[in-house]
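First comes one chain, alone, set out as structure tokens in the form predicted alone.
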Amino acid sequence: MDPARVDALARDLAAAGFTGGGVRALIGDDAEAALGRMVAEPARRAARRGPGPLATLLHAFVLGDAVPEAAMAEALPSLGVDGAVGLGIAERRAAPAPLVAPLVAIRLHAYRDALGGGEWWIASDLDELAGVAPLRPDHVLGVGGAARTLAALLPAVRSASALDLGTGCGVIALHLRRFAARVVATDISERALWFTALNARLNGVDGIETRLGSLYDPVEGERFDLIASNPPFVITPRTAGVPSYEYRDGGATGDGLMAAVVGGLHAHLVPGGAARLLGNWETVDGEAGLDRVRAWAGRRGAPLDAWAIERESLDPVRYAELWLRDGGTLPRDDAHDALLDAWLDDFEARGVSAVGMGWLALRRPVGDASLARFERVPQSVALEHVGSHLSAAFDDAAWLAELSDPSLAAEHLLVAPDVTEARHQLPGAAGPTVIELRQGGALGRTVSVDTALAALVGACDGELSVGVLIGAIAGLLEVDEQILAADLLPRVRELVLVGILRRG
């Protein structure tokens, strides 16, 4: 890769107005929304109505269209067509007229984090939006929902070093570099590392080192403050004739790759270092997937603080259908039923009855582990709040672990500003039959509480201690204060951990 050519490409993209706002102004909101649904034709029609350098770049690098060579030369005055060919992002085609066809996609990724917001150009392989199907085995994904989710989970904390395990196109490495002084990005795919280096240079981001190899092999003996990974965790039958894709299949049996990723964290995190992962886990012979994750994180001699959040659980048929569609195989295709049988045979042979899909937040504790939470969270979650919430939860768990009940009773707590209360009662009833606390942020929980806990939370404004509030509530309800405290304090701990109450 020629850095000078990448710099020329960046100048040309900027000069053409190849930004989110520029593309939106060219094609309109409806066509832009259609692109998000992987529907290209509305944007293509709109671009034809406004020819020029921006339309040419949109046709080529967003939609995957071959464009006249003269138009591409106009759109890339600094790089030139020869430079684009030499860089490996385009090729010439001679029939029926001189054309230039893209070899990569270059699309816009808008981001926002604790340091502010911005936009990156992200190059990746051409995909279904560009009319490419089936995908090549070493296909490198662009920015999709999984990458956006993982980026949102990252803790917004300054650190010396970070590891992007299985970097793909490198977008997570770019996110990590905003907070880490040094980022190592690894992958088994040389093509993925080429895209990572290209995207770093294209966006003027330094401090990212790429290394070729599987899992932790390229960083043996090294430790990091933060490890992030959207690994190739898709459970794929190890059967002849079943397509494998590097971006999603790590070659392990079942969820063995996820077990290896989690199992290697303790050795590659500094004490207090954090990890954020996306993944799958199987329910095998009646052992729930989240229980198996608990075992991965709690290995003897290498325990981790862990919060596993299962967002969805699929039966074997639905799981197989999901990844057949992802690979471009539809029910009407000749190969569909044979491939589906291969997946179902594999699950049946290994006793798999369900596959969980979700997020893992982990930390290497400085002392004893203090957080072990494994739960299903199916409700809608506003991703922009999750990263900071999870970071705070690990700190709160360590704080709570050191805090006796009398010490907790002496604390002054605050109700989080995003929490609201809802009360429901039957017509004519003297009081509510259901009281709910609802989060607007964090994980968007709705927690049912009784009158005493609702009163305690409502009074947590930082002025009075928890113990004083419990005493007052006991007097109002005419109940024993010690009995009420024994009931409320464990639930107060839970409300702190889930972000409904905060330390004052």
Ligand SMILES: C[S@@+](CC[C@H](N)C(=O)[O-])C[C@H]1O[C@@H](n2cnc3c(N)ncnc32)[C@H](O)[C@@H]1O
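Bear in mind that the values here come from a model prediction, so they are computed numbers and not experimental data. Numbering starts at 1 and follows the sequence shown.
Unshown form predicted in complex with this ligand; subsequent notes refer to it.
Considering this ligand in the predicted complex, the lone stretch of 309-317, 282-290, 210-218, 372-380 in range is 210-218 [heavy atom distance within 4.5 Å]. Using a 4.5 angstroms limit between non-hydrogen atoms, residue 189 touches this ligand in the predicted complex. Within this chain, residue 394 is remote from the site of this ligand in the predicted complex, having no heavy atom within 4.5 Å. Contact annotation: residue 142 falls within 4.5 Å of this ligand in the predicted complex, judged by heavy atom distances.
This ligand is not drawn, but in the predicted complex it has a heavy atom within 4.5 Å of residue 166.
Distance criterion of 4.5 Å from any heavy atom to this ligand in the predicted complex singles out 246 from the list 321, 246, 125, 411. Checked against this ligand in the predicted complex, the residues 432, 387, 250, 83 give one hit for a heavy atom within 4.5 Å, which is 250. Contact annotation for the candidate site: 26, 43 and 104 all lie away from this ligand in the predicted complex (no heavy atom within 4.5 Å). Residues of 425-464 include none with a non-hydrogen atom no more than 4.5 angstroms from this ligand in the predicted complex.
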